[in-house]
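To begin, one chain is listed below as structure tokens, in the form predicted on its own.
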Amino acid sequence: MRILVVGAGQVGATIVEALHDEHDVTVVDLDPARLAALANRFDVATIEGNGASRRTLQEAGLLESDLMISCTSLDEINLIAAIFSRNLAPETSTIVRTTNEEYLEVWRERQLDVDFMVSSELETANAVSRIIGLPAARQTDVFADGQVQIVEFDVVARNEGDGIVGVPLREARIPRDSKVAGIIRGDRMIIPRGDQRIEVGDRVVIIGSPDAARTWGDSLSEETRRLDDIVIFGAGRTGRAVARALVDQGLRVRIIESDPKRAQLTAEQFPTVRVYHATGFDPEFLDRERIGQSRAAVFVMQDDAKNHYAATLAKLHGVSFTIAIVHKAASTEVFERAGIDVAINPRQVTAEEIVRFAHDPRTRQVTMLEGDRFEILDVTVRPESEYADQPFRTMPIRGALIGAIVRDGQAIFPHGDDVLRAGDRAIIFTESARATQVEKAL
């Protein structure tokens, strides 16, 4: 597939990293340093120019492209590029990234002629919402309209003796309707077999029902109470999107915002939410308002340093679970090593949503794990697939594992005697480098 990517920032770079091996990719950006960095790392063509220029898009090969992804940080550039794409190359599929939920609403009302639009704020809010529902998880996502949940857990010393850690998987007390899809041990990925053991220090990927995911979370988490009292630091677009997602879950939410106008606007938009006009950096304020008694806090300010400091201070005052939004790729590991429970990169979750459109058309959804070292794919099985009509017990593994299937709209968590059928949707864990092979095999 020929893919034109407008924007070489973090979202664009993540998309290029995921797609360059299997596709002919061209990247357009005004910043020559960004383009040079991508060209040095990946086999991609680069064009220095304005993505909102018809001439630049034509020079970059828009007319020959199968897919145009416009993912700069400026909505107007993305929309103009999409308009030119529609006019110049109507057969080219077009995906637009937006940071404005209003544009997303207009697109949903079919008033914008774009094939797909992705909101960074909405994707981030959904990611936060899923983590709040399962605080032991490092990362989680849902497939098949919520019937299948993918969860990534860290295994620590306190989990020993739970009937799972240190026990051969064939003897382990694996929660019903779930499967250990992968064991990540350092730089290695281990496809689980009956004689394999989960060890302390591993990161495990689970595919299962939502109930099974909660059971895994309960057994691997120190947190025994529901996270139903959440403080959000920052009321920008992302902060308000997170607040809306959590309020819709019926959770108690409080918001801290330093800008008086934004605090007032937020209070008007969320009449049931208490909004504080404060920085969140004042220990006296945290004590006076009993912020430390909150079950969790989410830090969504625009500056990584501020989020890091506020999260550390909140931890010192008693907040047990912290989620921080990071804006620089390098910040994720820094935050987690410093004791922040979960770090979420909006650009990463946005790129994940966009990348699936470059996969085989039978692939409905893609989730990237561990910096795109691994992927979860939702792929529909072809009648001519070598896997069709095979029992799972005799199915070759080949570096991938099917954790669930969706048949006639219902999720099934298969056992050895179950048979994969043509038309089934297979939820598969695999290394990203093998994703295309897996899609072709199915």
Partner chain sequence: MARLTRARLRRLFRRESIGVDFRSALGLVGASVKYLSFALLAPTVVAFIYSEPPWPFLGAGAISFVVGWAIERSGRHGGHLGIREGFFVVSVTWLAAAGVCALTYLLTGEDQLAHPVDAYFESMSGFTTTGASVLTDIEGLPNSVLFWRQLSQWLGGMGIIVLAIAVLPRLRVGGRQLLESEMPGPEIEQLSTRIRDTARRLWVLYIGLTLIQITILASLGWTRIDPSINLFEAVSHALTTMPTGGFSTEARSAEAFGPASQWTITIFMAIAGANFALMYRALIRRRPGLLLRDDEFKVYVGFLLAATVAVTAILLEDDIFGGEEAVRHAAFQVVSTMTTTGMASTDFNAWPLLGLVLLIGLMFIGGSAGSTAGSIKVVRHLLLGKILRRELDQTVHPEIVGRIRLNRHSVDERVLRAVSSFILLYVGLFVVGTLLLVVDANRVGLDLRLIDAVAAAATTLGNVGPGLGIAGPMGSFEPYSDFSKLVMIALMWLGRLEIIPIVVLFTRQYWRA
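Positions refer to the first chain, counted from 1. These numbers were taken from a predicted model, which means no experiment stands behind them.
Below, we turn to the form predicted in complex with the partner chain, even though it does not appear here.
Visitor: For the interface check, one of 293-301, 179-187, 259-267, 100-108 should have non-hydrogen atoms within 4.5 Å of the partner chain in the predicted complex; which one?
Guide: Only one stretch qualifies here: 259-267.
Visitor: Just give me the single entry in 353, 115, 289, 202 that has a non-hydrogen atom within 4.5 angstroms of the partner chain in the predicted complex.
Guide: Of the candidates 353, 115, 289, 202, 289 is the one lying within 4.5 Å of the partner chain in the predicted complex.
Visitor: The partner chain isn't shown here, but in the predicted complex which of 144, 169, 278, 80 has a heavy atom within 4.5 Å of it?
Guide: None of the other options qualify; the answer is 278.
Visitor: Does any heavy atom of residue 337 come within 4.5 Å of a heavy atom of the partner chain in the predicted complex?
Guide: Result no; residue 337 lies far from the partner chain in the predicted complex.
Visitor: Can you tell me if residue 250 lies within 4.5 angstroms of the partner chain in the predicted complex, counting non-hydrogen atoms only?
Guide: Answer no; every heavy atom of residue 250 is more than 4.5 Å from the partner chain in the predicted complex.
Visitor: Report yes if any heavy atom of residue 274 sits within 4.5 Å of a heavy atom of the partner chain in the predicted complex; otherwise report no.
Guide: Answer yes; at least one heavy atom of residue 274 falls within 4.5 Å of the partner chain in the predicted complex.
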